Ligand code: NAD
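A single chain comes next, written as structure tokens; it is the form predicted on its own.
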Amino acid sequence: MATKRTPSFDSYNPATGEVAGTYPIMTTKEVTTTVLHARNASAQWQKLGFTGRKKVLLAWSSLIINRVDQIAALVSEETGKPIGDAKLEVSIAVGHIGWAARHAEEIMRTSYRAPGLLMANMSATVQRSPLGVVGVIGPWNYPIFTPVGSISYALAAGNTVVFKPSEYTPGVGMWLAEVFNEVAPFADIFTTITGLGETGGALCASGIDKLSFTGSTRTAKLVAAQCAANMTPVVLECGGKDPVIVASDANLERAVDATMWSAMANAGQSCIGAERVYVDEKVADKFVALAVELAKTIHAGAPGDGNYGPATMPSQLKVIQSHIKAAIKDGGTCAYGGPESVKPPFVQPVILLDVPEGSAAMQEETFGPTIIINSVRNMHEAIELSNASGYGLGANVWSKRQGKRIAAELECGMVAINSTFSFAAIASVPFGGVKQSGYGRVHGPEGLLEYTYPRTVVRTRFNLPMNFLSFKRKASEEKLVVTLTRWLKGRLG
């Protein structure tokens, strides 16, 4: 009798089209069972305490960095990005694991709150407890850095984790769990499940205690709606249309170099990558000339050949080309490249100028190696246009004297002044967006606290002669409460 074939899917090397690996499509029952095992392991993982969990996480981070060549090769194979870029991604991810492991105890420490004069006989504290089982759905563009920003913080906080990597990079997700299990004290602390969209949906409905999702805004809304059915809270890190503001006093050489890297690195497949640039008209011509000059030295190609790789997700090529054509149709011009720059599976650099704000190329996330440069009369106009987007993830500001002022007026979750991407590499600061770019935070203290819940504990230290919370209280005592409240007006609270 023939055995029943387990449904599976292939991941591909996007630069060559060759099969990189074959992985099972896990069923709803298998996902539910995996989550149940993670829940059974949860209490034991919590009992290890902060010190025990820190040892495991630091051992995991050491294994990853010691095998950086191995994992970087796998990341490169599944995404098409250069090996050097993959190694940089791994290094930053390892830094986040170490930070979360070392700071969890300090950040989750019980806090003591002032009870106020009326409740002076009480001790008021707030404890932080892990949620239980956290589900993580990761993206393909940064298949180790991005999910680790949720996984490591959730684990450090005392949760067990079930991870569903993108179907484009399942091998990276499997590798992470396999290496973790080499140092894990017992099974089911961190598990990877593989599959397509239905498998991710099964994770949303599996009874997890929180879900961390990274992906498109459209998919995020579907994920949030599915999780809402079970009152499962979510962290959503979605797309962006990140602006770059360049003032007249900016160091143009540095601004151009960083902006072009931000826009083109990883084939433009970065949610915090530069997509639209607002340059003071006084320096716009020079900025554009420098950008075009630099673009001539950049080209897409297979790992080892190009400065960046192919489009990892083939369907994105149509979006990129449609945005280039829309920009031109709506009145923009090409300073470098154009529709012909899209040569599957690669897209060569494209620089567009003077694209109207209402164009789809300015309003929708392109997620490709293109950049739009528009000149503005002043920084007030640049700020207004930056904020007019429905997205609010990251932003870059280039100015020697105005950086802090401009940054304070931007409606986004993160701003880099005279740098780019830096906020992603600093483990102590939160990462996340506003508006259509999502909500919740990963990284930093906020990222640890996302995977906990607060428990208020109030204890009577000594008894007062009057008991306000009793049916036996007297009218004179009620009057005293009102008098004291009127007098105190919230003071000593």
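Quantities reported herein were computed from a predicted structural model and do not represent experimental measurements. Start at 1 with the first residue shown and count on from there.
The following text describes the form predicted in complex with the named molecule, which does not appear among the structures shown.
ask   = From the list Gly392, Pro130, Gly173, Pro139, which entry has a heavy atom within 4.5 Å of the named molecule in the model of the complex?
value = Here the answer is residue option Pro139.
inquiry  = Between Cys238, Ile97, Ala265, Cys412, only one gets a heavy atom within 4.5 angstroms of the named molecule in the model of the complex; which residue is that?
reply    = Only one listed residue qualifies here, and that residue is Cys238.
Interface segment, criterion being heavy atoms within 4.5 Å of the named molecule in the model of the complex, picked from 324 to 332, 304 to 312, 106 to 114, 164 to 172 = So the stretch in question is 164 to 172.
query = Counting only non-hydrogen atoms and a 4.5 angstroms cut-off, does Pro233 reach the named molecule in the model of the complex?
reply = No - in the model of the complex, heavy atoms of Pro233 and the named molecule never come within 4.5 Å of each other.
Touches the named molecule in the model of the complex: Phe431 (any heavy atom, 4.5 Å) = Contact with the named molecule, yes.
Proximity of Phe213 to the named molecule in the model of the complex, heavy atoms at 4.5 Å = It does: once the named molecule is placed as it appears in the model of the complex, Phe213 has a heavy atom within 4.5 Å of it.
query = Does Asn159 reach the named molecule in the model of the complex if we count a contact as any heavy atom within 4.5 Å?
reply = No, Asn159 sits far enough from the named molecule in the model of the complex that none of its heavy atoms falls within 4.5 Å.
ask   = Does anything in 185 to 216 come within 4.5 Å of the named molecule in the model of the complex by heavy atoms, and if so which residues, in order?
value = The stretch 185 to 216, when checked against the named molecule in the model of the complex, contributes Leu196, Gly197, Gly200, Gly201, Cys204, Phe213, Thr214, Gly215, Ser216 at the 4.5 Å heavy-atom cut-off.
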